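Here we start with a single chain on its own, the form predicted alone, put down as C-alpha cells.
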C-alpha cells in the first residue's frame, strides 16, 4: 500500500442534532468509524446483511448473565420474528429463562452488598442481580416432575439437547419464555454443556426419586450430527456471539466440521485474547482453523452485551422496517419438509 492509501477516509465527527432514533445514532457512529462506536456500527451492518441474505442461517450464541439481567424478551422477540434461526446456549441462560417461566423473578440489587447477609436471607447474587432461593426450589420440583413426564412419554429414548429443550418448551405456558417461543416457532436450542447448570442437578433430583421407573436420558453427543448438518446444508452461515465459551465453540467447530466456514461473524465480549481462551480469541484466529472464511464479514465488539446487543437489534430492525418478513433457508427447508 502507498501512503495515500492509508488516508482515504477522514473521521466524520459525531453530531447529535436534536432527537435521534437508534439507527440515526448508529449512522453517526459509522461516520466516526472509530473505537467501540465504529465496531458497533460495523456489527449492525453485518447483522443487517445476514438478515437480508435469504440463504444465510443465523446462529445466536448465548452465555453469561444476560438473561437474568434483562435480555430475555429481546431473545424471545428475535425468535418470534424469525431474526435468528438456531440458538446455542449455556444451560444457565435457559435455566434463568425457566425460572421466570414458572413464576420466579430476578431482582435489581447491587454488587457492594454483604454477601454473608444475603446468604442468611437465602438470596443468590449474580453480580448486581438477586434471585431468591425459593425460585430455584420451585424450578427444581416443577422440572423434576416435568422430567418424569418427558421420560415416560419418550420411554427410554435418549434425547439430544435440542430435543430436550423442545420438550421443555412444549410444557411451558409463558409466552415471554425463550424456550416456549423456540418450541412454537420450531427454532432449535442446543445446550452442549447442559449438565453444567441447574438442569443437571434437577436431573439428579429426578433420578433419585423413590420408585422412579423412567429416568430422563439426555445425550449431548447426539447434537453433533444435527448442528453440523444444519451448517452443511445451509448455503451460508453467520453467527452472533454474546460472550463465548462452549456456545461459540460449538458453532465454530460445526462450521469447521461441515467444511463450510462462517460467512458472517459478530462477537460481543469483554474477554481478551492473550490468555488463549476461546471467549476472547480473535475472529482472525478462527480463519487458521477453517472455522471462518478469510473473506467473511466479521467484527469483535469489545463491550458489555447488555448495553451493546439491544443497540445492535434496534438498529438492524429499524433499517429493515415494520413490513420486513424474513424467510430464511431453514424456514423454507422446514416448510418443504412439511409439504412432502
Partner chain sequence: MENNNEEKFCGNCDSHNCFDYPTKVFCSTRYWHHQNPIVDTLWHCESYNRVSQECYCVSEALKQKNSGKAAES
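Positions refer to the first chain, counted from 1. Please read these numbers as outputs of a predicted model, since none were measured by experiment.
We do not show the form predicted together with its partner chain, though everything after this point is about it.
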Q. Considering 209, 226, 176, 158, which brings a non-hydrogen atom within 4.5 Å of its partner chain in the model of the complex?
A. 209
Q. Which residue, 138, 154, 222, 81, has a heavy atom that falls within 4.5 Å of its partner chain in the model of the complex?
A. 138
Q.
With the distance limit set at 4.5 angstroms and only heavy atoms considered, check whether 117, 120 and 134 all reach its partner chain in the model of the complex.
A. yes
Q) Does residue 204 reach its partner chain in the model of the complex, with heavy atoms at most 4.5 Å apart? A) yes
Q.
Within 4.5 Å, heavy atoms only: does residue 145 come near its partner chain in the model of the complex?
A. yes
Q. Among 184-192, 104-112, 121-129, 261-269, which stretch has residues whose heavy atoms lie within 4.5 Å of its partner chain in the model of the complex?
A. 121-129
